[in-house]
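Just one chain follows, in the form predicted on its own, and it is written as structure tokens.
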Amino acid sequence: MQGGSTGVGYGLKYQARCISDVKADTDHTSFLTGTLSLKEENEVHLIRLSSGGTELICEGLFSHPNEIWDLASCPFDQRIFSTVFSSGESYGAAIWQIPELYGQLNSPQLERIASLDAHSSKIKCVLWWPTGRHDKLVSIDEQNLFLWSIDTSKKTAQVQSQQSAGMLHYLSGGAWDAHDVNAVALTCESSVQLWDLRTMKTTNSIQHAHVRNVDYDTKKKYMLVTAEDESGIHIWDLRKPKFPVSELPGHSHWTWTVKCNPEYEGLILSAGTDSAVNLWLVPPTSDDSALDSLVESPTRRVEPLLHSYTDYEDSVYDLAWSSREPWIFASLSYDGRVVVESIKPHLPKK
């Protein structure tokens, strides 16, 4: 169940805490990651897994002006991505483009396509439209949700709508529902807020404290997974959000992030400050027929841990499944170490 890494490693020069699958690259399994150095010039690395799966190759290395706290690759253009960054005092967010001939240039410079400069509070993350080509983008700061209209060819970003979460809530992150593109889930200190982007209002909430991270199940509608500081991982059916339908033990310290597999139902990755990555396989929950009984028997506690990857020397802050090869994932620990693993050896035999 536990074990060291059999994966492929890659080292960044500085500390780091965000990595993203390059979903739009359909020819290669590739990832983008960015560093978090307060004193040095930061870097964005474009990393590709070799065709034999034995080596991680640096396809591009680009300078970035500030500490990178969030990074997300554009789902329809492999050369475009967003970052949330900090100079130590203030936070900003921008959309960047990798130069077309980056592999042939000595010191290729990223082009800033647009700045998401409407924020007055500390920016937490940027979310791209979850499926296909679209001009919409969401950004979240501690107090507000912004919906943007992006034109990458004209290099413009305009606020389409904005709404405050209210004085009593400090937002920390969120996720966009691939099943309902009008729905986003936002995390704050005492709950998960469910928002409708058409009205820019909350439609419901999950009253649950200390949620660090949230992800929608891309294979099953209405299902949401949360990672909490101390209480592990919970799986929710949004039609009955009063109680979770399943509970996983999580990590021995804070559970920092959860990611649902893009192709296989019930496969979940989690990572935490215990320097481990856990692979879970959650048994399918009953559908509508059992919904009415959820209140009476609220939560199943299951322990479907397939494998724990423990060969890390620092906290693991981010994970990314490959959408091209969904049995492959990348993990990033705070010391700047990227590890790409295949989960195939740990899947149950049929």
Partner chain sequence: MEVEEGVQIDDKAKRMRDMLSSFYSSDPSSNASSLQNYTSSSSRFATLDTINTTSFDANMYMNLLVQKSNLENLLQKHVEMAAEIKNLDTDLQMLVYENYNKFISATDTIKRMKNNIVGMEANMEQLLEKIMSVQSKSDGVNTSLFDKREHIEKLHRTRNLLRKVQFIYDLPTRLENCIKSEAYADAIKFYTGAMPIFKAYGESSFQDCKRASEEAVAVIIKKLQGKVFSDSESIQARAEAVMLLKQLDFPVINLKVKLFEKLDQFLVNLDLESVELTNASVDDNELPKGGTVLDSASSAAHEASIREFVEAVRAYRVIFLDSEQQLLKLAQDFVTKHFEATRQQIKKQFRSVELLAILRVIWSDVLLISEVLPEADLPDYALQAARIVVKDYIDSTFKHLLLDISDALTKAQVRQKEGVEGEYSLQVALEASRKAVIQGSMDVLLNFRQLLDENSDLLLKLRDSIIDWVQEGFQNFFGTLDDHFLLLSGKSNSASQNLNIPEGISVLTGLVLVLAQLSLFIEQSAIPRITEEIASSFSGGGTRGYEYGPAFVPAEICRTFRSAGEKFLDLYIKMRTQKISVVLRKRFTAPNWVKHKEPREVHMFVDLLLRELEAIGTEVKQILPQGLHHKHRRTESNGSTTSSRSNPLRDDRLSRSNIQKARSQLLETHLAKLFKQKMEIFTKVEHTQGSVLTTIVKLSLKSLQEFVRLQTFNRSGFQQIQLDIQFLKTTLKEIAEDEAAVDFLLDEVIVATAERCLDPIPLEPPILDKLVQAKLAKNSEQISVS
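Please read these numbers as outputs of a predicted model, since none were measured by experiment. Positions refer to the first chain, counted from 1.
Heads up, the form predicted in complex with its partner chain isn't pictured, but that's what we're talking about next.
A single residue from the set His169, Arg212, Lys136, His179 has any heavy atom within 4.5 angstroms of its partner chain in the predicted complex; that residue is Arg212.
The partner is absent here; in the predicted complex, the one residue of Glu100, Asp151, Glu263, Glu189 having a heavy atom within 4.5 Å of its partner chain is Glu189. Residues within 4.5 angstroms of its partner chain in the predicted complex, judged by any non-hydrogen atom, belong to 239-247 and to none of the other stretches in 194-202, 76-84, 239-247, 92-100. When its partner chain is considered in the predicted complex, Arg17 lines it closely, a heavy atom lying within 4.5 Å.
Among heavy atoms of Ser323, none comes within 4.5 Å of its partner chain in the predicted complex.
Mapping the unseen interface onto this chain, Trp256 counts among the residues with a heavy atom inside 4.5 Å of its partner chain in the predicted complex.
By the criterion of a heavy atom within 4.5 Å, Gln143 is excluded from the residues contacting its partner chain in the predicted complex. Annotation for 264-284: interface residues with its partner chain in the predicted complex are Thr273, Asp274, Ser275 [heavy atom within 4.5 Å].
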